[in-house]
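What follows is one chain in structure tokens, specifically the form predicted alone.
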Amino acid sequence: MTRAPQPPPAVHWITERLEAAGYETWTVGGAVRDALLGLHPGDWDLATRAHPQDVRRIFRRTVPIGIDHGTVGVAGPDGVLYEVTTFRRDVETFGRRAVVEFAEQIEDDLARRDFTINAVAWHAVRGELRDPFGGAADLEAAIVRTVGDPATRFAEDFLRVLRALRFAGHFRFSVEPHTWRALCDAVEHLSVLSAERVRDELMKVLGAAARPSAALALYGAAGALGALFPELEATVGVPRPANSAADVWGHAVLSADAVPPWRAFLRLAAVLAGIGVAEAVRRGIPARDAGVFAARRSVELMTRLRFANTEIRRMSDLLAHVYDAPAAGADAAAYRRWLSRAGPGRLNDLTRLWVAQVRAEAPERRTPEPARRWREARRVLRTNPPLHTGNLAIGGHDLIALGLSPGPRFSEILAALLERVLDEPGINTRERLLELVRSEYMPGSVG
């Protein structure tokens, strides 16, 4: 054990009150694991011999978070809600439909946990570690190992395959050999997992680790990448158009590493962008067109994983323009056209992706091109240019006043006027645009 856990005073207070009432109580879960590693723990959870009704009787402020599963939220003196769960043991295991019953000992509760590093408990009052499965030693040795027989433990819930890969990648641990073999054998059963659980696990990989590439590499090594995300596996081994040592997959996950962990959505965008690059390479088309394929495939993958429609649209709109930005030396008109397509609201996210893609080549490399592109785009935006038809000095009512009949033709006329205005913003006046309509789009006009 490298460092003794130091739970917050509220955890000590809850433990003391339950113990004073005769109920053994321990802190359990990820907070204990992280504290033993010397990391900053997240939420502190407690396990106790007390049943939910006992907990609600002892504490004045409680919330019935999951009474049927033995969990009660207890409001500590610090105002934080702590989950207090009755000791449980497995009776039968059917994946997510496992049958459990309340238990009398902390050892029973720890025995039903997935990995030894998560099966450790700390007594906040006595300062005692309860570690029946050698979790502390595995933390010292940087090993992920199942509690009990690996094949049985994975068969109980195949999500544990993905959790093992996430923990190993996040902590930069190795997977114990027997556990690894059972994990790889269990990959073929990942299809039984719900799309929501697969999605949530992927977003945990992208949002928790400093370098998600480590866990994603393990996905590939175990076969989970092909089983769950064949679109991503198709990028493995595809050479990038640019001179790079990394293939498309390697560059994509290194790009995700270069995005801050609190921007998990942009990390996902960095990974999905590689799908478009790989398809462009296979089709032999310019890299500028890769965004079209990345956007299309992202919709398919995210729909399959049951992402919200708003998230799917946001991702598609973002990826569609990550590769079609103005080239070096482009003029203001080119930036206006690009901003019109991409939308100025996406500029900052796109810039972060450009920077990440450059840094994937060399982490310490400066990023002058993305910075220059961002500055040029911002300079154009400061002129408040008209970027869509709603910014034009005339609209449909003006076309009606000229005697034109409403219909699809209106959209065509306004779109054509916008094209002219993007080249020459100065002509965006009511008089000049009406003049253009009369001369080019009215019956009898040359246009």
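On a predicted model such as this, the values are computed, not experimentally measured, just so you know. Start at 1 and count along the sequence shown; that's the residue number.
Below: the form predicted in complex with a small molecule, not depicted.
For the options 316, 340, 118, 71, the residue carrying a heavy atom within 4.5 angstroms of the small molecule in the predicted complex is 118. This chain is displayed alone, yet in the predicted complex one of 267, 145, 251, 166 has a heavy atom within 4.5 Å of the small molecule; that residue is 166.
The three residues 112, 160 and 204 all sit with a heavy atom within 4.5 Å of the small molecule in the predicted complex. Residue 385 falls outside the set of residues with a heavy atom inside 4.5 Å of the small molecule in the predicted complex. Contact annotation: the small molecule lies within 4.5 Å of heavy atoms from the stretch 29 to 37 in the predicted complex, the single such stretch among 414 to 422, 394 to 402, 29 to 37, 56 to 64.
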